[in-house]
Structure formats: structure tokens, C-alpha cells
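Single chain ahead, by itself, as C-alpha cells, in the form predicted alone.
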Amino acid sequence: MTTQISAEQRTTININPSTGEELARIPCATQDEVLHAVAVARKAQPAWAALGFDARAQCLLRVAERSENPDVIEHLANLVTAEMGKPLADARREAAGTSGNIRRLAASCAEALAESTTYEDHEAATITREPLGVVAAITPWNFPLGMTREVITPALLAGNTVVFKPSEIVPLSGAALYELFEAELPKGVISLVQGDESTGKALVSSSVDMVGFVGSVEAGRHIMSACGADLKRMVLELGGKDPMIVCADADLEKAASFAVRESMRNTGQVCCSVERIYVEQEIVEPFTDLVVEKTKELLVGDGKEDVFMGPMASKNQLQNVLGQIEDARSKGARVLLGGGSKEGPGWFMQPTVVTDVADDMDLMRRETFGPVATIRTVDSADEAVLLANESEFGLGASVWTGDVKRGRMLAARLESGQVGVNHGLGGAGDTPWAGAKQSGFGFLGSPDGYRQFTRPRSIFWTEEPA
């Protein structure tokens, strides 16, 4: 993606990261257009809220039904692959998940947002969940369908209207998802504005009542500062630098497979990618050998092909990862595999394994967001916990050990929103997706997360004796 500025209107150029070819030129919404979209959403909101939860849910369930069409799934998947390089099989899974995701959220929100009444002697109190008004949904390029649904759907179910700005890297995917929602919702309930950072800033500084944002920590800080003046509500799902702790008694085969998959999937462009692997000294050699062996097996290529990894989503992202590797190499790190870009068109990165890293390297401090398995030797799991917690990030983490009880004790000491023990993130129940420290503000998912798109209203009264 690049931005062109003309006398008439700024334009983003949408580029296929596998080929470098131009896909489209997308006009950026002007400030007046952003304000108009917010005004339309503001006008539509009271009637949308007045429909009641059940009627709103029926509208969203029609969106779910529409998204089950195989042609729709294939269209969405091909757009995601073309715009950000995700392998087509993964893009299909993301697109096919739209229906189930909306249905699950409708059922979960029905319970989470339901009115409740409590009694104490003759005193009574009813709590209702009231919509906030207009929600700005500013969503990322790495999961342009999945993460967008997690913001838009609960916002709408709660009775808010939405102004949606997809990332400038995936404007066509964003527009296609918007059209699915727009086709089944009353006019003005959801609006689309396209554009770059300037468009996002105009939306945040408008009269919206809440910002739901998924993206980088840096952008999240700017949004929080901008929202502060008007005390706007916000949910910020931000980046991470997720640690993985491998104890000497861990199943090395399973741990190495997880390390490679979670460092490299989506070309490492996942907020909860494994970015720091702490391995106890006595097993670091066999573990590293397994990681290198498994990484060599990964197929890299155009997302339209049968590959595990596509390209980086943008040239800037590729250069950022290469810069971190070069910084590490210059300070004494060893690159055991990969470490560079691939020759030819597109923004392809070699799957990379790095060892002998120091804690002051960018590769250990800053979010990498690329296909790099970074291995750091430690004397003990206790040392690993201390090092893991030194980061300003705290999104996810994992602990690998033959003793699950010990693993859970180590997990409880990690300053992360979610921790897996011999397991990835997520599993049983409707749990919140929450970031500790600078990895987020507020959270998505779970009853508490859905309620963040509302404000509680309590009404008290005294019941007359029978």
C-alpha cells in the first residue's frame, strides 16, 4: 500500500504483496465524508436501538445466513489472499467462520446483555444495558474478517450503530464484509469509510461515542490520547511480544512444533505470535535442532498456492523484520536459518531461526510481526518468568512442561492476559481476549467484553407489600 496525494483527493494504492501488482486505487474519505458518515449513523441509532435485542439479532442472523453461501466465502477468501498474502486455505477458513462467529456472538450477547433484577426485602433494582451511540470500528489487516467481526457484531447487537474503517492494506476485503452487513441492516446502521491513518484520525476525533480498535500499540496510544479529551469509551486490542517457556521436562517434539507454527503462521503477522522462546539450558540444543528441522519443512510462496506461508503484507513490514534481524546479527546473534528476503517479485521473507540473542536487542524488545523463531537460553524456568515479565507487552504466553501443576503455577506468575500450559491460547468457555500492560485497554470476547459496548443503567424502587 502507498498513498498518493492529488489536488482533488488522497488515494491509497492497493498492491498484491505476492506479485507487487496494483489491485486498485481507493479514494481516502475526506474529513467531511467522515463527519457525514458519523451523522448518518447518529440519525439511525435511536430507531436501531428501539428495535430491541431480538429484532437486532434477527438482522445479524440474516447476515450469517448470507455469509454461508459458498460463492461469498470464496470471494472473501480470494480478496484476503490477494490483498495481504494469506494462504488461500487459511483465508477460506477465516471467511467460512463468519456465519458461526455471528451466530455464537448473537447467542452470547443475548445472555450477557439481558436485563437483570435483584430483590432485597421490599427493595428492588433492575440493571439494563444501554447502547453507547455510534461506535467507530477501526480494524486490522492481518485478520481482516475475523477481527472485524469481533468488534462490529457485539457493537451492533448492543444497539449501537457503526462507522467502519478497515485497514488501508485490505480495503477490498473490508468493503466486501461491509456489504454483507449493509445488505441486511436498516439504512445508516453501518457505514464504511476507506482511507489511511489520516482518515482514522478524523474518525476518532469526530463525535463518535466509542472507538473499537485492533492494531499496533503506537496507534493505540494516539487513539487513547485523542479519546481522552471527550472521555470517549474505547476498547484497544494491541500488539504483543509473546513469550514461550520451554522447561527441561517438556515434550520437545510438541513444544518445537508449537514454536514453529506459532512463530510462522500468517507469516508471523499475528498479535499473539510466539516472539520470545526461553529454553532451559539442558535441552536447548535438541530443542533448537528440532525447530530448525521443522522450519526447513515450511513451504513459502504465493498465497494462491498450497503453501504454509505467503508474503509479508507490505514492503514496510518486510523491512521492519529485516531491520530487527540485522540489528540482532550485528550484536552477536546467530541466524541459523533464513534471515533474509526471497528473490523475485513480492515481499517474501524467509522463515528464520535466531539464537544467542541478548535482551537489549530489538528482536527481544519490539514487536517483530514476522516469521522469526527467536531462542534465548535460560538457566531455569524462574529466570524465564522474570525475563518474560520485563517486556512492556503482556498479551499472551505459554509454558511447556511435563508437570501441568507446575506449569499452571508458572503461568500464574506471567504478566499476560492469557497463558497456555502445553496449549495454545483459547479453549474451554467464552473467555476474554485481554492484554496486560501495553497490549490493550479493555478487551474483546466474554460477557464482560460484550458489555463494554454498553453502559449499565440501574433503576431502583420499593415494592408495595402484598
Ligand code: NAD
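Given the structure is predicted, the values throughout are model-derived calculations rather than measurements. All residue numbers refer to positions in the sequence shown, first residue = 1.
Note that the form predicted together with this ligand isn't included here; everything after this is about it.
Asks: Whether 90, 274 and 305 jointly form a contact site for this ligand in the predicted complex is the question; each needs a heavy atom within 4.5 Å.
Replies: Verified in the predicted complex; spot residues all out of contact, no.
Asks: Check each of 257, 126, 216, 380 and return the one that places a heavy atom within 4.5 angstroms of this ligand in the predicted complex.
Replies: Here the answer is residue option 216.
Asks: Please tell me which of 104, 334, 222, 296 lies within 4.5 Å of this ligand in the predicted complex, judged by heavy atoms.
Replies: Selected option: 222.
Asks: Hey, of 134-142, 320-328, 249-257, 297-305, which bit sits against this ligand in the predicted complex at 4.5 Å between non-hydrogen atoms?
Replies: Stretch 134-142 is the one.
Asks: Would you check, heavy atoms only and a 4.5 Å threshold, whether residue 376 touches this ligand in the predicted complex?
Replies: The answer is no: residue 376 has no heavy atom within 4.5 Å of this ligand.
Asks: May I ask you to check whether residue 160 falls inside a 4.5 Å heavy atom distance of this ligand in the predicted complex?
Replies: Although this ligand is absent here, residue 160 would stay clear of it in the predicted complex, with no heavy atoms inside 4.5 Å.
Asks: Residue 243 versus this ligand, in the predicted complex: is there a non-hydrogen atom within 4.5 Å?
Replies: No, no contact at 4.5 Å.
Asks: Could you confirm whether residue 369 comes within 4.5 Å of this ligand in the predicted complex, counting heavy atoms only?
Replies: Contact with this ligand, yes.
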